[in-house]
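Before any questions on how it binds or moves, here is one chain, the form predicted alone, in structure tokens.
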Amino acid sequence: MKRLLQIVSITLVIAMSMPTPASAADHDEQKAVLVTGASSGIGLAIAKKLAANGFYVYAGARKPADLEMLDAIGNISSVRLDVTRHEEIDAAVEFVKSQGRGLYGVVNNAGVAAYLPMNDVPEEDIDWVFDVNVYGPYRVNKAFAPMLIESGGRTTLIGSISGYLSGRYSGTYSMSKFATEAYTDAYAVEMADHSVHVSIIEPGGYKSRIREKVVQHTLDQMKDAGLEPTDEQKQQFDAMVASNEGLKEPDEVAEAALHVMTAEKPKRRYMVTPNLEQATLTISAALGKVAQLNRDQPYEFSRQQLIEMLDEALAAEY
């Protein structure tokens, strides 16, 4: 808790908005979707995309200014929601129920990151990242599961290609995204018994406030430790924040979320990258793990056998 209170970029100053419910006829015509972490970046893009395409969106946020901004958008009602707080999730469930639309979908977008060497990252930072990125979707899906089962709806997670790629300084974030991959596969099988589709969207590098938040979090940590960033570190931090401006807007990620909610047969996985390079890196990383699992192992498969397995996987429906 102390660590969370020290993270200025995610300070919990929030307010619940309670708009007047629409008519019963409107409720019958619109499917409702909850989007967590909808105040900016990918979450805001998804909320706007769904709202512009016939869905009524309950957009989760924490700061009063963000809640007010979301309420000003058509077909959107803001919902005070911190995915690390059970009481706020429970309140969100009651709020959505009170609106009379039911709930067709959930987009678990809320996420945070910490970038430090594994030997240096504080354990509380790992707890924080997992609390939001892993336990958050688990809590939200579990709380809204009865409504999704009733509607035969859909839930998706915003994962990352970092669920396949990991490297220097990205271990904590990647650990959380690898975990959501496992959660997705288990939950998809379990919820299929209730006619609820589960998927995961894995974006590459798109414009987002997460880089700004990472820098702020690191600066807060240094301040707590009585440290001042060096000139070199300041340049690195400025470069990280500035790099965000050169990235593509997350419109393609929003399109994937729309497909999840509208397709007759949504995919299990959506890899959405801004360029071919990131897509190549991701697929190569996945295949590299296959090669490592196979090479010089007690049960090693031939190249032809691997090709046959790949053909079967390409032909399978997920």
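One rule holds for the numbers: they count along the sequence shown, beginning at 1. The model shown is predicted, which means the values in this text are computed figures rather than measured ones.
Same protein, other form: the form predicted in complex with a small molecule, not shown, and the subject of what follows.
- Using a 4.5 angstroms limit between non-hydrogen atoms, Tyr187 is distant from the small molecule in the predicted complex.
- A residue is said to contact a partner when one of its heavy atoms sits within 4.5 Å of a partner heavy atom; Ser39 meets this definition for the small molecule in the predicted complex.
- Shown alone here, Gly111 lies within 4.5 Å of the small molecule in the predicted complex, counting heavy atoms only.
- Under a 4.5 angstroms non-hydrogen atom cutoff, the small molecule in the predicted complex has Asp82 among its neighbouring residues.
- Annotated contact segment (heavy atom within 4.5 Å of the small molecule in the predicted complex): 158-166, selected among 158-166, 116-124, 144-152, 91-99.
- Only one of Ser208, Thr218, Ser77, Ser174 comes within 4.5 Å of the small molecule in the predicted complex through a heavy atom, and that residue is Ser208.
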